[in-house]
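Consider the single chain below, provided in structure tokens and representing the form predicted on its own.
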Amino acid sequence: MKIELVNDLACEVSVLYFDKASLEASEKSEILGRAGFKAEQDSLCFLYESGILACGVEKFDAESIRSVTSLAIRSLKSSTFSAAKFHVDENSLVAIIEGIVLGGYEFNKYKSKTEPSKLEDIYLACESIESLQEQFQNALIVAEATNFTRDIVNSIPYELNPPSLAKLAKELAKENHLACEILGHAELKKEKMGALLAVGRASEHESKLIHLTYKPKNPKKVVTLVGKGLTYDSGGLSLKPATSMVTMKMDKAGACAVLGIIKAVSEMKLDVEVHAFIGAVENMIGGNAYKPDDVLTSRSGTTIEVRNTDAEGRLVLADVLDYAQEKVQADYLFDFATLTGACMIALGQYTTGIMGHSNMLKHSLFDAAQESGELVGSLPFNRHLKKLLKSDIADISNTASKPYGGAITAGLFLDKFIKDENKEKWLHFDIAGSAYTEAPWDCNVYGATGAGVRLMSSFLRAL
């Protein structure tokens, strides 16, 4: 499906947006009224004879337009039309592109038969192509990077394991002219990454640490991104229930988001140096699996009592965060992880949890979230929850002694591995709820959402 920014032209079907007021004032109000169209949010009315697809919005804001455009593109793809036209301006362009590209996303890789859509051309009609060209290109780059992320998350664990994720990262580096460094078992052992190596010990696939770098000539800022890359999480010896293991291919969504972000940044050619670090590991069971009651020594020298092998992502991140901070002196340090189901309980399945020490930095991310259309919520650290990570036999426990505030205690565990000079530069993003969905919402279809890509692309553009 080709998307093109054009001056107005004749097309076999036009997509029009109406709120209640504009519907009443429209010359189409009578015929649409007879069809039962009331311009309610996310309502559609297809007038096939007139070549009009009417879309209802509560108001003409990005969220409302993006949501109904996602439904419109699915309707168009199931029709017999080969081309469709959307009217855009600087206020609606990004939302319409995201609705089309993200709402029209399909993941059919493993289906033996698919029904191809007849829809081939999408025209975005505007008064001045020149004034919208940069916005158009950037919106397409970010939306396509989001779908790139979705594709990786949706890939099955048999196919996408730590070595093949490292291979994919190398291919991205080659295509986008990024520097790439991969650490295998021997290098990880030399780096004394005892926590990361323990998690992947029972897997037949060797654990990897991936480091991609995008470095423009005169970067205004340096940003480090760290992603949790659990290509599959069985829970280890603290085995997950069978129903909870389904969808655990999504436990690599933090790593995939980091790949999507650096892809978008490099293609937009932003004046920001970006380092992407990924801990690619598979948490399996076996005679040599790490165990509850083990004490692990992390790269930083901090000892960790293992009380639950299903709290594995924080162990991987502990070593990767320590390595990343030593390798790069960054202005910002962000980690992305499908870390806790507790975050979903706290904020719901649509919202990313943000944790850290800098309120100013959090507010900057709230602004980026508003701009990008992703939903975020802040979860506050406090010294009382920190006490729950106390261990009587090691420096820290990998799970809290009480089951409350689980998302925050996981964030506080990571905070243990953030150097003092980086505390105000660091934020932790828990995308456990927002990274994957089993029911469509907004511009998200079944499966991976690509959470984090639009958010960070907006933040980094603002820099």
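Quick caveat: nothing in here was measured; it's all calculated off a predicted structure. Start at 1 and count along the sequence shown; that's the residue number.
We do not show the form predicted together with a small molecule, though everything after this point is about it.
For the candidate set A311, M284, C126, L160, a heavy atom within 4.5 Å of the small molecule in the predicted bound form is found for exactly one residue, namely A311. Just one of D233, D319, E98, D335 comes within 4.5 Å of the small molecule in the predicted bound form, counting any heavy atom, and that one is D233. Proximity of V68 to the small molecule in the predicted bound form falls outside the 4.5 Å heavy atom cutoff.
Under a 4.5 angstroms non-hydrogen atom cutoff, the small molecule in the predicted bound form lacks S92 among its neighbouring residues.
Taking non-hydrogen atoms only, R150 never approaches the small molecule to within 4.5 angstroms in the predicted bound form.
Within this chain, G184 is remote from the site of the small molecule in the predicted bound form, having no heavy atom within 4.5 Å. Only one of 269-277, 302-310, 323-331, 78-86 places residue heavy atoms within 4.5 angstroms of the small molecule in the predicted bound form, namely 302-310.
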